[in-house]
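We begin with a single chain expressed as structure tokens, specifically the form predicted alone.
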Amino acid sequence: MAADAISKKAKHHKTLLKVVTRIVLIAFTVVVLFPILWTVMTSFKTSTEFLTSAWTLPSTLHVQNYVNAWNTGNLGANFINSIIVTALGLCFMLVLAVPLAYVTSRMKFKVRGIVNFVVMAGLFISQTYIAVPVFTMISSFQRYLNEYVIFQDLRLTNNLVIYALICAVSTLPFTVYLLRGYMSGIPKDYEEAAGIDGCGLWATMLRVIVPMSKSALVTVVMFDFMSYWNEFPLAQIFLTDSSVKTLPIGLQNLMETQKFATDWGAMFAGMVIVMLPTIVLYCIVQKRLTQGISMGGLKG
């Protein structure tokens, strides 16, 4: 009888814990989703509807807000620039991070500890701390190159390729940290088998380690995509020409313009345009993202 009572009490506590956990998760979901849903709802309102009541549903779907944000607010050009920067940044990141993570996680060499220390130290350096020094260095280097005739038209600032490379380097420590933790858990047997088949270091990395690290790669691509897509401080310093501005800078300009023009609908439509690619990508890779984070945590 006593054992049954203890068992019932344990089940009761377990059920109560599940209920409390679900209530907390539901509350957290509401807190996270409500601002997003409210922004989407407001993006279809007219300025009059927004000023009359910010919490009511729009009477009609005022799609013209998106047209105004895209054309009048110049978000169309900013959107293309952001796609270019994000795509180039991800390419640079993979080219730099995958070999570095592979070498530091699978090989033993004299300066391995120093390399790992430098990478870990980079985790504690914020982009905003080094933005001005890096800009000064690049500007000085550009002036030096412009003294030569062959490089007179070279521009290192207001250059999407250079800016994408800077973004990739700024996320390199975090990316290498995640990949290294995952790659270090892959058994050595696979590399030994590849060596017997005649694969060198590059072939082993590309044909064995990289395919087995797909979940981790999806994770870092997702995190870095969000970082490059939403990056603001570096873009504000390195991209001052209107023709190369990215979405975060374009959204800031749109908000300043439409706030004084009282076109609140276009301003919220611009916010939705910025958020939408990240939300769509997350929905597509959600399962692999969760798997990569959990496996990286276990193996790291």
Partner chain sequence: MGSGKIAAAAPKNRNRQRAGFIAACTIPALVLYAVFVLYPTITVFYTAFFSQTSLGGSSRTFVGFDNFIGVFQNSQFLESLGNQFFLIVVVTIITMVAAMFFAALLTQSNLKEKPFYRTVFFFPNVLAIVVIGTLFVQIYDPTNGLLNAIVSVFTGSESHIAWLGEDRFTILWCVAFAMVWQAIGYYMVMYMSGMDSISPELYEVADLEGMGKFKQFFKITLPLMWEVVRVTLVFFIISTINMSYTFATVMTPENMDVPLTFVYKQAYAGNNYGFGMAATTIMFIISFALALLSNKLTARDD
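What we label the rigid core is the largest C-alpha set whose atoms superpose within 1.5 Å from one form to the other. Here the structure is a predicted model, which is why all the values come from computation and not from measurement. Positions refer to the first chain, counted from 1.
The protein also exists as the form predicted in complex with its partner chain; that form is not presented, and the subsequent description refers to it.
Partner proximity in the predicted complex, defined as non-hydrogen atoms within 4.5 angstroms of its partner chain, places exactly one of 209 to 217, 144 to 152, 108 to 116, 79 to 87 at the interface: 108 to 116. Proximity to its partner chain in the predicted complex holds for none of P58, W70 and A266, with the criterion being a heavy atom within 4.5 Å. Contact between P99 and its partner chain in the predicted complex is found at the 4.5 Å heavy atom cutoff. Using a 4.5 Å cutoff between non-hydrogen atoms, R22 counts as a contact of its partner chain in the predicted complex. Among heavy atoms of G122, some come within 4.5 Å of its partner chain in the predicted complex. Interface membership of T157, defined by any non-hydrogen atom within 4.5 Å of its partner chain in the predicted complex, is ruled out. Contact annotation: of the candidates Q64, T257, Q236, S243, the single residue with a non-hydrogen atom within 4.5 angstroms of its partner chain in the predicted complex is Q236. Counting a residue when any of its non-hydrogen atoms is within 4.5 Å of its partner chain in the predicted complex, the hits in 16 to 53 run K18, T21, R22, V24, L25, I26, F28, T29, V31, V32, L33, F34, P35, I36, W38, T39, F50, L51. After superposition on the rigid core, the Cα of L33 moves by 2 Å or more between the shown form and the other one. Put the two forms on the same core and the Cα of M275 is off by less than 2 Å between the shown form and the other one. Relative to the superposed core, F50 undergoes a C-alpha shift of no less than 2 Å between the shown form and the other one.
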